[in-house]
Ligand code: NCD
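The chain that follows stands alone, in the form predicted on its own, written as structure tokens.
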Amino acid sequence: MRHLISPLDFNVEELDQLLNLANDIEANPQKYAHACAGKKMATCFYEPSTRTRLSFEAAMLNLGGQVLGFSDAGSSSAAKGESVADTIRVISCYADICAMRHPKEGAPLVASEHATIPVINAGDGGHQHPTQTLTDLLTIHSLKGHFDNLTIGLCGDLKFGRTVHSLIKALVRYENVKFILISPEELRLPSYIREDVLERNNIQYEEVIRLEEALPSLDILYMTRVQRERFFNEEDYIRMKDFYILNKEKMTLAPEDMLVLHPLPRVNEISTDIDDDSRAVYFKQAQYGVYVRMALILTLLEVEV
């Protein structure tokens, strides 16, 4: 039995197999329509989510399975003080696989240590978001065709952005990947990611404040929102939330084949006037999230089609 807690839980070869499976699901959806008939997925979401929760549910339903669970800790026994360990023990009696989002870092890992079913980390605090990373990787690989020799700009909240941290850890395993880290001083990438991941792996990177400075050299621009829920006070959030806004004018500085990704939801960091730009692929990225989660469910349940 396997779990997915970190984006590094799959090695490069296994990741290639997973992405190839996701591509086959995209091309041949009917082939997989009944692959999980009779299987049940529990979605245990202790903090709000739209895309992640619904994409997991859509993925399982597309495979012919069923879904049960909760979308708010207040509607679960967590409100009565039940531990994550006890919750997952009970859920293991009801479902075949569990996707868990939790505000506390490490909670899905604790769940995996007490579960008798596969556990998928659907985001834990500001720590990891491995299935968003799989979604990002599938988007890049499907639209660019490779991971090697890419210059990737990461823009916005690099301090609290778990999607950014997970993506960096996944991409450093490929050849000649370069990062441009675009953020204000207050939201810079944490030193433990910079030192333990980038520098330890001899990855080329630079830190800049102005988005305009980075745009001309990018293959991928990964935008993130400034997350109100990660700030300790409203004043700091208000001061930082409008620091970067990608609009039509700034897009004229970018290469014609650059891709704009965003884990969503966006607030105002990407202007709606670029939604029709062929380089803006964030809604396509959301669709890829369903395919990659379908592939992940099949892989962890060891279902072969």
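Each residue number is its position in the shown sequence, starting from 1. Please read these numbers as outputs of a predicted model, since none were measured by experiment.
A second form of this protein, the form predicted in complex with N-carbamoyl-L-aspartate, is not displayed here; the remarks below concern that form.
In the predicted complex, at least one heavy atom of residue 101 sits within 4.5 Å of a heavy atom of N-carbamoyl-L-aspartate. The closest heavy atom approach of residue 263 to N-carbamoyl-L-aspartate in the predicted complex falls within 4.5 Å. In the predicted complex, N-carbamoyl-L-aspartate lies farther than 4.5 Å from every heavy atom of residue 34. In the predicted complex, at least one heavy atom of residue 132 sits within 4.5 Å of N-carbamoyl-L-aspartate.
Look at 181-189, 102-110, 158-166, 195-203: in the predicted complex, residues with non-hydrogen atoms within 4.5 angstroms of N-carbamoyl-L-aspartate sit in 158-166. Residues of 33-59 lying near N-carbamoyl-L-aspartate in the predicted complex, listed in sequence order, are 51, 52, the criterion being any heavy atom within 4.5 Å.
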